[in-house]
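Coming up is one lone chain in structure tokens, specifically the form predicted on its own.
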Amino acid sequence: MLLRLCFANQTDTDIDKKKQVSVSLHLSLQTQSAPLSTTVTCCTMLKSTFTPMYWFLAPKPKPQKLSSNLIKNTFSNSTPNVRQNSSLKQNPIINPTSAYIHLPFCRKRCHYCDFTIVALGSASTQTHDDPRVINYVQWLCREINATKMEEKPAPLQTVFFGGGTPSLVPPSMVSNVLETLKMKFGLSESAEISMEMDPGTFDYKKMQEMMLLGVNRVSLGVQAFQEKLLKSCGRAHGLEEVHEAIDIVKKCGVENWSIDLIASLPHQTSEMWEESLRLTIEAQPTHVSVYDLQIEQGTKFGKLYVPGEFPLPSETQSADFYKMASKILCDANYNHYEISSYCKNGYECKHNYTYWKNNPFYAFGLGSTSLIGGLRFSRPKKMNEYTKFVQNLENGLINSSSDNNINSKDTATDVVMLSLRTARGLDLKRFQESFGSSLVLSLLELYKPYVESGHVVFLDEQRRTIRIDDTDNSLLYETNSERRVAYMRLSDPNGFLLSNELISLAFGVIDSWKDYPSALQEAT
């Protein structure tokens, strides 16, 4: 998970793992969480579990001058109460059909990483008898079993093993987790079961064993195809192990697999980046995640480097890397379906779509964050606090269910932000059904200048582009579907590059929204 938007990694994606800006929303629900006190820290630089958002300050389009105060106010450091930062109203509570499982173990901490991990040691590849792994998986299964449900659950349709490096965990322990999930919630025979795997942590035998357990989607943490860059990042694997891992995945017949890459690394040149993209395409994965490096305080990179200063690339260079990825991957017939995610037809990450659609999901394990009944609930990030949390859960002392006091403004903000990360964009009809026409009209008016500048696209119900001359307020109610604005999305790549500023503008409109509804309708 490599990016973070301060909403709670996030990942395949992702935000993984992250790109961090303190926003009072929670996306990267897998790699960042708050203490047990029902407050969640906004974070977003996920991994592949929560595909990350490309979040950096790019040049502003000319049509409208942005205020720096607006950006600061939008991304304030205040941490909202979990119950207020909720999804759309769910009444009665709908049990999720997706589950995120956090396996925090790594051989070592990479120089850019500030995620919730447990470093086992550089030589640790065999963990079947490691008490730290054994004990953690036992606590994890206890948490799953202690989770309360409002009604009979629907079978899980997606499971995502994120971390950390889940491929360090022995197949027998992964089996224990899957069996516990199956007994508790049920598990569809056609479920997408994803696992983040790092080169050098699995061989042909382990890959086959994982597949026999039901793992049918792999997110391979390559990050770069240059030995120099891998070493400079503190990665535990080298280039030889990268090629070995790709060979194993392909020989084992894994049909649905992804390669993760990081752009804007120290000393990374455009030639290196182009080579990494070319070698990725030659490997023929069905999915590619492209993350932009974020320098986090407290990491080794945070002590060594200043964003935008050599040896890190400038903002302009970072933007060029993003545009290069978009062009090269799209030319190779990968669909750019989310800000940091590309796939062949039919190979979108189903689990990540749970996040993008703002649907409910379970989450289990250290530092993970779930969304159930409109409530985002975070688990502790420290092991001793996590074990106490599980004990309290078993004793009925933890209430992680929603009180249905849904904050309309927070919900609208979530929906806009999540939707505009995707190529599908914001469904204005469904948004209007939940939040009313006045907010939709305000958003259309807000983004008109950016339609003119080419950063925002208005679409009709057949997803055909609508010219700016045609977008007067009456078109929201136009009976002729060819003239009605039905969707709004950011353009690729220029709109995606300005996603932080464009989305923050929407936050300002929502914050000043007066006639918001007291009750919300389902609209994901």
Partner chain sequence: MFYKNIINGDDSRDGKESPNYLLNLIDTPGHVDFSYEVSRSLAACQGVLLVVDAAQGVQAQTVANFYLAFESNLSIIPVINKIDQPTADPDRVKAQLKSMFDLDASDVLLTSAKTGKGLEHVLPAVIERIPPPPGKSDSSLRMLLLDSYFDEYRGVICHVAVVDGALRKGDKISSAATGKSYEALDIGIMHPELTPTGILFTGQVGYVISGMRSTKEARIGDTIYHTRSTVDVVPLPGFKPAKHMVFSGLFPADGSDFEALNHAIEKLTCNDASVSVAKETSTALGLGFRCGFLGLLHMDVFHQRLEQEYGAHIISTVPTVPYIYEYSDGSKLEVQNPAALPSNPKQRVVACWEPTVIATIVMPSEYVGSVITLLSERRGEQLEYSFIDSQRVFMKYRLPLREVVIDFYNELKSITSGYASFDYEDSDYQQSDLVKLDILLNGQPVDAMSTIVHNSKSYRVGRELVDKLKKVIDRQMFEISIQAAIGSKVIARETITAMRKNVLAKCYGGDVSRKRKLLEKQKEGKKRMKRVGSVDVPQEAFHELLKVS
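Bear in mind that the values here come from a model prediction, so they are computed numbers and not experimental data. Residue numbers count along the first chain shown, from 1.
Note that the form predicted together with its partner chain isn't included here; everything after this is about it.
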{"item": "Leu168, Val174 and Tyr347 all contacting its partner chain in the predicted complex, non-hydrogen atom within 4.5 Å", "value": "no"}
{"item": "Proximity to its partner chain in the predicted complex (heavy atom, within 4.5 Å), stretch among 414 to 422, 102 to 110, 328 to 336, 428 to 436", "value": "414 to 422"}
{"item": "Option touching its partner chain, based on a heavy atom within 4.5 Å in the predicted complex, out of Ser318, Gln268, Thr280, Ser98", "value": "Ser318"}
{"item": "The unique member of Lys206, His237, Lys182, Lys323 whose heavy atoms fall within 4.5 Å of its partner chain in the predicted complex", "value": "Lys323"}
{"item": "4.5 angstroms heavy atom contact with its partner chain in the predicted complex for Phe361", "value": "yes"}
{"item": "Heavy atom of Phe161 within 4.5 Å of its partner chain in the predicted complex", "value": "no"}
{"item": "4.5 Å heavy atom contact, Thr369 to its partner chain in the predicted complex", "value": "yes"}
{"item": "Distance check, Asn352 to its partner chain in the predicted complex, heavy atom within 4.5 Å", "value": "yes"}
{"item": "Members of 491 to 513 lying within 4.5 angstroms of its partner chain, judged by heavy atom, in the predicted complex", "value": "Phe496, Leu497, Leu498, Ser499, Asn500, Glu501, Leu502, Ile503, Ser504, Leu505, Phe507, Gly508, Asp511"}
